[in-house]
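For reference, the chain that follows is the form predicted alone, supplied as structure tokens.
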Amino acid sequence: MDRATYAIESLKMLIIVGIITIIGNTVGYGIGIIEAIPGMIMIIAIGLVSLVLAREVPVNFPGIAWAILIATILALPFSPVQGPFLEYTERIDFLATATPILAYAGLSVAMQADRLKQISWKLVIITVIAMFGTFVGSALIAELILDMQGII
């Protein structure tokens, strides 16, 4: 796939994800569609640049890492676009962006059903251990931080 085709196909995918996110943002968090569009355009632009950089730059750096790097640079205090960037992107709730990501993850897992059948019961044990570890670890960190701050 040539560069232009890749960019166009990536942009189409990002626009679909953006529409789903804006719908989730409106339904779930009551933020108006028109109000959320500038922030979503910024997020889509960051996503597109990140995907193109991940493909074109000869460094083993995934697209998500490029997106985090670009968004962080734009949000830093010395960035000339920090104010408008944060003003518009904060209108997009983080959990609204999780909906299409989780839907994609679900489809991806469903497409590998045969592989999951091969793993069988081992997957259940690993999932339980990972979820338990994440929950307990998060609770311990929260307890420690809140205790250090004197909140609890």
Partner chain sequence: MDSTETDEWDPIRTTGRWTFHLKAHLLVLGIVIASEAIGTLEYPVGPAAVIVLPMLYAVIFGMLISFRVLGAYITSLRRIAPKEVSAISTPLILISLMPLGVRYGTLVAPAFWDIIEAGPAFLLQEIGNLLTIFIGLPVALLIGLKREAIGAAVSVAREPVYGIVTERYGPDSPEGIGVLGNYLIGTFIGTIFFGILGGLAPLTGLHPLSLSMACGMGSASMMTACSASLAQVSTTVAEEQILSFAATSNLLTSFTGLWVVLFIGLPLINVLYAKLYPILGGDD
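Residue numbers count along the first chain shown, from 1. Source: prediction; values computed, not measured. Here the rigid core means the biggest group of C-alpha atoms that line up within 1.5 Å when the two forms are laid on top of each other.
Omitted from view is the form predicted together with the partner chain, to which the following refers.
- In the model of the complex, the partner chain sits beyond 4.5 Å of every heavy atom of residue 83.
- Taking non-hydrogen atoms only, residue 32 never approaches the partner chain to within 4.5 angstroms in the model of the complex.
- Interface membership of residue 53, defined by any non-hydrogen atom within 4.5 Å of the partner chain in the model of the complex, is ruled out.
- Though the partner is left out of this view, residue 38 does not reach within 4.5 Å of the partner chain in the model of the complex, counting heavy atoms only.
- Contacts with the partner chain in the model of the complex, taken as any heavy atom within 4.5 Å, map within 12-34 to 12, 13, 14, 16, 17, 20, 23, 24, 27, 28, 29.
- The two forms, fitted on the rigid core, differ between this form and the one not shown by less than 2 Å at the CA of residue 9.
- Residue 41: CA moves less than 2 Å between this form and the one not shown after rigid-core fitting.
- The distance between the CA atoms of residue 62 and residue 135 is at least 3 Å shorter in the model of the complex than in the form shown here.
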